[in-house]
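A lone chain, given as structure tokens: the form predicted on its own.
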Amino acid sequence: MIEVRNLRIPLESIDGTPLGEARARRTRALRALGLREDAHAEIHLLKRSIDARKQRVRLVESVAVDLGDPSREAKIIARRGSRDVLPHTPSVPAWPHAPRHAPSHRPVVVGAGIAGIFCALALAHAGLEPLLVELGPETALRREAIERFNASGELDEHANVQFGLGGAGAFTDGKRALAEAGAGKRILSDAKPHIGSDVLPGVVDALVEDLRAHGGELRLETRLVDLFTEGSGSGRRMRAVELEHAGLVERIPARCVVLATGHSSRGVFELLERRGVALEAKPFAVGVRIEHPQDDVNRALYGHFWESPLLGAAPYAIARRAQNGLRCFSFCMCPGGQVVAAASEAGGVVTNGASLAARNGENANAALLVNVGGPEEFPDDPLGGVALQRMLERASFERGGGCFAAPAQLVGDFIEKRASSGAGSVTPSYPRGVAWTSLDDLLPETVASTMREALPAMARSLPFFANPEAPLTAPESRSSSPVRLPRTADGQSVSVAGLYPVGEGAGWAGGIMSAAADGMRAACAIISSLDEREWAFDNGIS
């Protein structure tokens, strides 16, 4: 097959339907190869993105062209080959191979978010029968707990947007495995793949079934109580974990333990600090959720094509640097989505964002953040960022009246430093309701001043940012982990061999796809470690 990259298809050249897009794609692919439009060829979409710069909307696509004749394809590549016309070999994804020797104790993976699930899946496909444990419940019970919290304010600290099967990503928003588990084939070709918070929980359930079918075990509502090591100094290594389920505590021998506990597992961070596992403060970001009508976003980015069914709800990303040197930036932008009540601790308000698969909500929302924390701000306290998050979340809880309402302010009032008294033309979507106030005495001063300077500058590029009635809902405090677990080149903790910190909670990933990849990377490292020497050690042979 031949791969043809960077096909640029102006939207005005398409009749506005998916079939019209397919026809235009075929025409341009064959033209790039010097072939007639009636040539016998199958066209397979590999990647699709939208270029909406300068109000000129184009689809940018890469395709594989199958002419059914390898020798003819080779001649065309020799004649027209370039960085955009080259041979295409379909990738055949494969799970890691089985190790030469199985360990005497199965690996334990703590945390059934996306990083933990994919790590356990890879270990299971390699025949290692991993044990995957998760503090929260199955997706159906977790969904019920979230809906109950949104309606009543009754928070279950083990079943919420942050905790439960699927992790934080399941209710906020390897590709092929996700697609085959029900996420939809479009995530394989979209440049910015989106699954949807209404679809991803079902995908997670399908992945768990695959795990069990290959010998893995999942234990839900199970808490990591303790870690046990042997040796001292640089020679420490994992020996066992202690788990609690339904009030019963069990110690399980474990030479390989994967920590995939997420960026909100503060109890795990505290346990690691007590047990002398290396931690360090990591820069993270705090701020607010900002909302605009999705139609305004579409008009600004797509111009007179804003209603085209080929484009859908428009996303955006923007950043501006303030005079103080700090950068204000959008993050986790949710087209046609809603602001999510993401608390996981009593007495603390947290916001996040999510989009359903259809992305058909009235508002767009995004985190508007400024970096804080890190080793420079907390040189002697690796959990200093956690304390800063808690302080912000608890102050917001009190400002909201103690019922998980979120503090909110209109952009115009925020810029003018006056408290807001009610909503304008944009209705906040946060499900627990908002308390209109001033955010200046809630946000760190450097965060508020950086945002105040950046908002007018952002409006010069994206006009909808000038809307004075756009609501700011606080706080967005869990965009990433405030802690990093340093690790060696092969992914183990620098202080405890056999302990593998992975994913967002360990400070090594920044989203669903990178978390899945990091989990699989740890599984490959574990499999590689199971050589003859490791096997002999596990079985007490000197």
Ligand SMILES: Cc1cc2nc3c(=O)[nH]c(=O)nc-3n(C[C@H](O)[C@H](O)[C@H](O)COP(=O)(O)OP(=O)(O)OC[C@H]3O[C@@H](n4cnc5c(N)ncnc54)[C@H](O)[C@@H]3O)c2cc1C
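Values in this document were obtained by computation on a predicted structure and should not be read as measured data. Note that residue numbering follows the sequence shown and begins at 1.
One more form of this protein, predicted in complex with the ligand, exists but is not displayed; see below.
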> Asn352 near the ligand in the model of the complex, any heavy atom under 4.5 Å?
Replying inline: yes
> Does the ligand come within 4.5 Å of any heavy atom of Pro407 in the model of the complex?
Replying inline: no
>> Can you work out whether Gly262 and the ligand are in contact in the model of the complex, taking contact to mean some heavy atom pair no more than 4.5 Å apart?
In response: yes
> Hey, in the model of the complex, is Glu134 touching the ligand, heavy atoms inside 4.5 Å?
Replying inline: yes
> Can you say which of 105-113, 272-280, 449-457, 379-387 gets within 4.5 Å of the ligand in the model of the complex, counting heavy atoms only?
Replying inline: 105-113
> Of Val208, Val434, Val161, Cys256, which one comes within 4.5 Å of the ligand in the model of the complex, counting heavy atoms only?
Replying inline: Val161
> Only one of Ala300, Val372, Ala314, Leu224 has a non-hydrogen atom within 4.5 angstroms of the ligand in the model of the complex; which is it?
Replying inline: Leu224
> Judged by heavy atom distances of 4.5 Å or less, which residues of 306-339 approach the ligand in the model of the complex?
Replying inline: Cys332
